[in-house]
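One chain follows as structure tokens, the form predicted alone.
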């Protein structure tokens, strides 16, 4: 690991001034991803700013019903919060399926959004990876690609985004609050993560001098009846081959609201807008669920090892929507 300077920021203003005045700086919260990346030689900041003392640990309801979650709230605390469990069960479930209790106790909301891909070529310095070394190429293309993306990829990168929490947040239309010395801005989470295009190393809309300070969850009535399903190689904690976050509202047999997002299949948390548009107003049947899922996956561009993800994602969408519809009918 490359030597680095360490600063424990006493307040947000100090943290923001330091990163604005310095180069090659990283914020440290739970450290569950950053420390690994530093040990592997992928991240090598000159300065690490410890932000764990900052007052960003609150969960509060705003007057309009929005839930504001501080960026330093741990994953465990967020998943256990009564407001989250009641209004956004999809989010609580995604977090619980995302990692072990030990990791959830350390990992933070802001850090979760910034975690980097677990593509094996990204971690192998002997391999070409445009995320790690821009312009070097992508050995995953034409290589071992079982875990790679089938949606949102480019000729420069096919790495999947690893977060479970972010898939649920995309489904919920969350908003990311970020701050710099220039002020505060709000970024819709659908715009926060970027597809690789020809700059795979630029993964988010976060500027170099900005800090995530909060996540805002808008009121989403349909989210009270929502779920998250994660398909993985083993029942213990592993990254998703396919995951589905879904919410469903049905009246008189027809879908009045539907929200879908996919994980494990794309280069960013993937909102399934095509499927949603086909399902809205349609009858809540397996046939319509399958038709919508097939349309969403129609643009998929698989590699030789991950074609199975297309069918697996379609079947998982159908299974999740079927279960939500059955639960609604039984209630």
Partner chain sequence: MTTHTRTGSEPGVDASVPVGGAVGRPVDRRDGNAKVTGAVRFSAEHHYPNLTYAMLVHATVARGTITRIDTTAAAAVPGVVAVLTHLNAPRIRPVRNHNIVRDLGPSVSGTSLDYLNTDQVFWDGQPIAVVVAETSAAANEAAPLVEVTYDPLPARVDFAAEQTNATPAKGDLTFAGRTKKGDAEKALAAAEVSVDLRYTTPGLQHNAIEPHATVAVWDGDHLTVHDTTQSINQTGRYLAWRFGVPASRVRVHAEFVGGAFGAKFAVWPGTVIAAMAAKAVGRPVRLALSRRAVSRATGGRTASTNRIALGATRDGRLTSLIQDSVTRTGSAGGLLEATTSPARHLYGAQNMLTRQNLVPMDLMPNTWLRAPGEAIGSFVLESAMDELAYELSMDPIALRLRNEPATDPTGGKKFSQRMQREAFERGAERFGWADRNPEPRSMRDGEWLVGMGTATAYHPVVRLVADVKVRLSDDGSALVQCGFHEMGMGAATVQAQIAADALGIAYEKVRVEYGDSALPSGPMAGNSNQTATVATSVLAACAELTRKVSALARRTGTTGQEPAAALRAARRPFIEASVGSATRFGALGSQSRFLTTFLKDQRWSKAARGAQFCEVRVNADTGELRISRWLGMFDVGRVINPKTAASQLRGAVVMGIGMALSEQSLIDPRNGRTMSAGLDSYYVPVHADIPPIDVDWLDEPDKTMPLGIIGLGEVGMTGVAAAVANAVHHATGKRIRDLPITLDKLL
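Note that the structure is a prediction, hence the values are computed from the model and not measured. Positions refer to the first chain, counted from 1.
If you look for the form predicted in complex with its partner chain, you will not find it shown, but the lines that follow are about it.
Although the partner is absent from this view, residue 233 contacts its partner chain in the predicted bound form, with a non-hydrogen atom inside 4.5 angstroms.
Although the partner is absent here, residue 143 is a contact residue: one of its heavy atoms lies within 4.5 angstroms of its partner chain in the predicted bound form. Residue contact check for residue 127: one or more of its heavy atoms lie within 4.5 Å of its partner chain in the predicted bound form. Though the partner is left out of this view, residue 311 does reach within 4.5 Å of its partner chain in the predicted bound form, counting heavy atoms only. This chain is displayed alone, yet in the predicted bound form one of 222, 241, 73, 206 has a heavy atom within 4.5 Å of its partner chain; that residue is 241. Just one of 249, 189, 195, 120 comes within 4.5 Å of its partner chain in the predicted bound form, counting any heavy atom, and that one is 120. Stretch 223-231 is the answer when you ask which of 166-174, 76-84, 223-231, 89-97 has residues with heavy atoms within 4.5 Å of its partner chain in the predicted bound form. Interface residues of 1-27, taken as those with a heavy atom within 4.5 Å of its partner chain in the predicted bound form (partner not displayed): 1, 2, 3, in sequence order.
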